[in-house]
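For reference, the chain that follows is the form predicted alone, supplied as structure tokens.
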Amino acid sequence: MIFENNDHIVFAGDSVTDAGSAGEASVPMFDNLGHGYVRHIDSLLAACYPERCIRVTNAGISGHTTRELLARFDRDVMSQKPDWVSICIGINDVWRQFDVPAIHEYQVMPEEYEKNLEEMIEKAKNGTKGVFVLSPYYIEPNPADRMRARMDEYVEICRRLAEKHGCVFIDLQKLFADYCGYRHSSYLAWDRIHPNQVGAALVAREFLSRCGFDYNH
């Protein structure tokens, strides 16, 4: 497994990462990590690798776009001196184009999204062992749906930047789309955005599968 004893992983993102955590840069004390995929990852690491003390920090804040995350990235992510950084951001960049289409200043268009994300990746690469880029998603199996089609553009930006900078890319849109080949999206999230425990477990499993994680360790 790629995570070593005393490694520190910081998960940056929006409400999907935040998932009810205790706030900015929450640490694994008193259930502060929230109830989402970050909590699942921390629990599985501790359960399956008790000999490795791996610190997990949740730096997600609900409602944030790449614009807000970039503005606090140094404070909430890089100041934590992480060994690994995970970035999962972009849902609100797209969502604001559909739920408040008349408020243009809330929206982050593809060009700005790519610029913001690349700047965060470049910051995260500096002095860390590695960076994970988790794509945004919309749990809608119909690719012709307007919001799903728009989200796919942002997924491709993530894919391209991850390849350019040597990051681990995790395609959450594909992960959820594949699951919806068997079950309705409501099994994962009633609003097609915020994962329930099944959705969070899927994300955690996919993340750890890219880390050489062994459940039978």
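The first residue of the sequence shown is number 1, and the count goes up from there. In this text, all values refer to a predicted model and were calculated from it rather than measured experimentally.
The same protein also exists as the form predicted together with a further copy of the same chain; that form is not shown, yet it is the one meant from here on.
- Residues within 4.5 angstroms of a further copy of the same chain in the predicted bound form, judged by any non-hydrogen atom, belong to 105-113 and to none of the other stretches in 83-91, 120-128, 105-113, 70-78.
- Checked against a further copy of the same chain in the predicted bound form, the residues 162, 54, 170, 155 give one hit for a heavy atom within 4.5 Å, which is 54.
- With a 4.5 Å cutoff on heavy atoms, residue 64 does not count as touching a further copy of the same chain in the predicted bound form; it lies far away.
- Residue contact check for residue 202: one or more of its heavy atoms lie within 4.5 Å of a further copy of the same chain in the predicted bound form.
- Heavy atoms of residue 132 never reach within 4.5 Å of a further copy of the same chain in the predicted bound form, leaving it off the interface.
- Although the partner is absent here, residue 210 is not a contact residue: none of its heavy atoms lies within 4.5 angstroms of a further copy of the same chain in the predicted bound form.
- In the predicted bound form, a further copy of the same chain lies within 4.5 angstroms of at least one heavy atom of each of the following residues of 93-121: 95, 96, 98, 99, 100, 101, 102, 103, 104, 105, 106, in sequence order.
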